[in-house]
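The chain below stands alone and is given as structure tokens, in the form predicted alone.
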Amino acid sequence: MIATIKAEWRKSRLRPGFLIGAGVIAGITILVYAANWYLALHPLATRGGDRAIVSLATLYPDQFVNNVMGAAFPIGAAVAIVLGALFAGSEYGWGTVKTMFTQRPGRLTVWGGRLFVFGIWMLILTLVLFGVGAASSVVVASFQGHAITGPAAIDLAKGIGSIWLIFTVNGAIGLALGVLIRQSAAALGIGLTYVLAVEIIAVRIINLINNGQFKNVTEQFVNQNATALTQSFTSAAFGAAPSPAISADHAVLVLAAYGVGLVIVAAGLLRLRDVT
């Protein structure tokens, strides 16, 4: 397993897809902070008078964990799906699957090593998100002359863990599709369509049936739980917010179940199917 992990890391450490993905995450985070900073400094005229639609208090370092959640989902989830599809499906297009599986170690060991490396990359993307978010919040606080005080360590740990879970689960969707379809292009297309359209439409339709009688069904969907998990990170600085319909504990359990289930299904396909 260790040799497999080392080999996979050498293959992927400079892979353009992962580097571009990290750049997209960093760019989105900077864009979110820049846009919110501008809106906070330039109040918009409303019927109730001049009112800033974004509070500067939400952009300071003590709130950056809560603030970066908006940059992580759904754009970050979409990036994770693309990377998962490329990571799993590209090997079929390159014709290297046969080489991997006709030499030692076995298929499941190779898959386990690949999953470990992919999880490391999802963690790297998460750390990029939080690192850029922290730096952006420090820049805002410095220009506004605000004291630089970081969030509580437990909140930071929970935030990193939550986003890592969301990235990994959505990446697992791409991985499973890449293995199922045996190519990357169709896998990432189907994955993006699901995360950006299919699930949203399905949730709306189910919620309309019998006045929402089957709403509990929608609480088992991936992105419904990912949204609830990100919305659980808030504070008084963001104003009053309704309580999420799905608890954070429920969201973590559902997402973890999806992640484990998807990689097991993909492992079964790799183990049983012919590699050609």
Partner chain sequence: MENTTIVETHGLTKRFGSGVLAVDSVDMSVRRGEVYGFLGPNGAGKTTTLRMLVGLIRPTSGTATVAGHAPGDPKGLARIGSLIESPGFYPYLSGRENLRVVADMASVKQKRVDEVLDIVELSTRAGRRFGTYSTGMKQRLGVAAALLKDPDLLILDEPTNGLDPQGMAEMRKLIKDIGQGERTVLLSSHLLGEVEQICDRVGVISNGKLITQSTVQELLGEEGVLVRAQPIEQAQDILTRIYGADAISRQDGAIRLKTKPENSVEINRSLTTAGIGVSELRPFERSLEEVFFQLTGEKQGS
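Residue numbers count along the first chain shown, from 1. Note that the structure is a prediction, hence the values are computed from the model and not measured.
Missing here is the form predicted in complex with its partner chain; even so, the following discussion is about that form.
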Checklist entry - Does the 4.5 Å heavy atom contact test between Arg107 and its partner chain in the model of the complex come out positive? => result yes
Next on the checklist: Against its partner chain in the model of the complex, would Tyr194 count as a contact residue? Criterion: heavy atoms within 4.5 Å.
Outcome noted: no
Checklist entry - Hey, in the model of the complex, does Pro16 get a heavy atom within 4.5 angstroms of its partner chain? => result yes
Next on the checklist: Thr149 versus its partner chain, in the model of the complex: is there a non-hydrogen atom within 4.5 Å?
Outcome noted: no
Checklist entry - Of these, 124 to 132, 88 to 96, 175 to 183, 197 to 205, which stretch puts a heavy atom within 4.5 angstroms of its partner chain in the model of the complex? => result 88 to 96
Item to check | in the model of the complex, residues of 4 to 24 near its partner chain [heavy atom within 4.5 Å] | outcome: Thr4, Lys6, Ala7, Arg10, Lys11, Ser12, Arg13, Leu14, Arg15, Pro16
